[in-house]
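This document opens with one chain alone, in structure tokens, the form predicted alone.
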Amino acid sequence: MDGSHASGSKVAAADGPGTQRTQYPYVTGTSIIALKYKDGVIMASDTGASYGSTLRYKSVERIKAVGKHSLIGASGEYSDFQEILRYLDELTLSDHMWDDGNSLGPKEIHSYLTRVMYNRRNKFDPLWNSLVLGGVKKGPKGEEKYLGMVNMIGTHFEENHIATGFGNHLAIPILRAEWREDMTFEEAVKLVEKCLLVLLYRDRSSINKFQIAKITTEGATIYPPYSLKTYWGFSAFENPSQGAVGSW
């Protein structure tokens, strides 16, 4: 060990253990499904939260309204999501205090979140979430729908439909095949429910208690949680190892 390294170790020891970073997410939520439809943006998730691998909490709402024009949904560590909501409360309050007749839209809030997530990643103290931000705001071209996501290292993009967590693997193919720009709200609900059912069947962290929210130019609506009708009689469920090479 060289002298500089040794002296640095002594300083660290003298100052105490230092700042503890988030090294592992403890209470986590699973997938968020979101897509644009004819009149706005729809977002859906289940209401479960796992403590490690134990499905501990059954009534955790992971979709919230932000300001007048936006909805946010989060996968990942729930306490970090609560911290992000605190940041957004401060942002929207500061924006409201300007009292200039304008308010932050979904594009501005999404941009803000990309900077927050990337900043925390650079400090090696990430907020352990994948965030979906959707909304509608009147712009130069009329009503402009917006849907974007950002993950825990600051990677971000805008899309017509988004799924996080396990949904990124299982729901995206369904959305790519069946999504249309002119979908009605009822059609959009059926599509997200189809994705949620697939995730319920295949994701052990999902529960049969779902919440749907929408945002249009009239504002945000977050509906009460409900359950979907399931069918577990598929032959692949009854004998999942049949035909599998090397399976127990």
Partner chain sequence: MARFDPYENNGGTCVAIAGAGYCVVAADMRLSVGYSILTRDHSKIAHLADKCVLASSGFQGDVKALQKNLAAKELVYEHNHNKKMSCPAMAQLLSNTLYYKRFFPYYAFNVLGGLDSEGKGCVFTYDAVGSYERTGYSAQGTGATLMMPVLDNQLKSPSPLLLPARDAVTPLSEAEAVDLVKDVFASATERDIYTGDKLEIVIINSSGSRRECIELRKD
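Predicted model only: the values in this text are computed from it and were never measured. Numbering follows the first chain given and starts at 1.
One more form of this protein exists, namely the form predicted in complex with its partner chain; it is left out here, but the text below deals with it.
Exercise. Let me know the one among Asn122, Asn102, Gln82, Ser94 whose heavy atoms come within 4.5 Å of its partner chain in the predicted complex, would you?
Key: Residue within 4.5 Å of the partner: Asn122.
Quiz item: Is Gly148 a contact residue for its partner chain in the predicted complex, using a 4.5 Å heavy atom cut-off?
Solution: Although its partner chain is absent here, Gly148 would stay clear of it in the predicted complex, with no heavy atoms inside 4.5 Å.
Exercise. Indicate whether its partner chain has at least one heavy atom within 4.5 Å of a heavy atom of Lys137 in the predicted complex.
Key: No, Lys137 is distant from the partner.
Exercise. Report yes if any heavy atom of Gln23 sits within 4.5 Å of a heavy atom of its partner chain in the predicted complex; otherwise report no.
Key: Gln23: yes, in contact with its partner chain in the predicted complex.
Quiz item: Taking 4.5 angstroms as the cut-off for heavy atoms, does Tyr78 touch its partner chain in the predicted complex?
Solution: Although its partner chain is absent here, Tyr78 would stay clear of it in the predicted complex, with no heavy atoms inside 4.5 Å.
Exercise. Determine which one of 137 to 145, 94 to 102, 70 to 78, 155 to 163 lies within 4.5 Å of its partner chain in the predicted complex, judging by heavy atom distances; exactly one does.
Key: Looking at the other structure, the answer is 155 to 163.
Quiz item: So in the predicted complex, are Ser50, Lys190 and Lys194 all sitting within 4.5 Å of its partner chain, heavy atoms only?
Solution: No, the candidate spot makes no contact with its partner chain.
Practice problem: Give, in sequence order, every residue of 109 to 128 that has a heavy atom within 4.5 Å of its partner chain in the predicted complex, or say none if there are no such residues. | Solution: If the 4.5 Å heavy-atom criterion is applied to its partner chain in the predicted complex, 109 to 128 yields Ser111, Arg115, Tyr118, Arg121, Asn122, Phe124, Pro126, Trp128.
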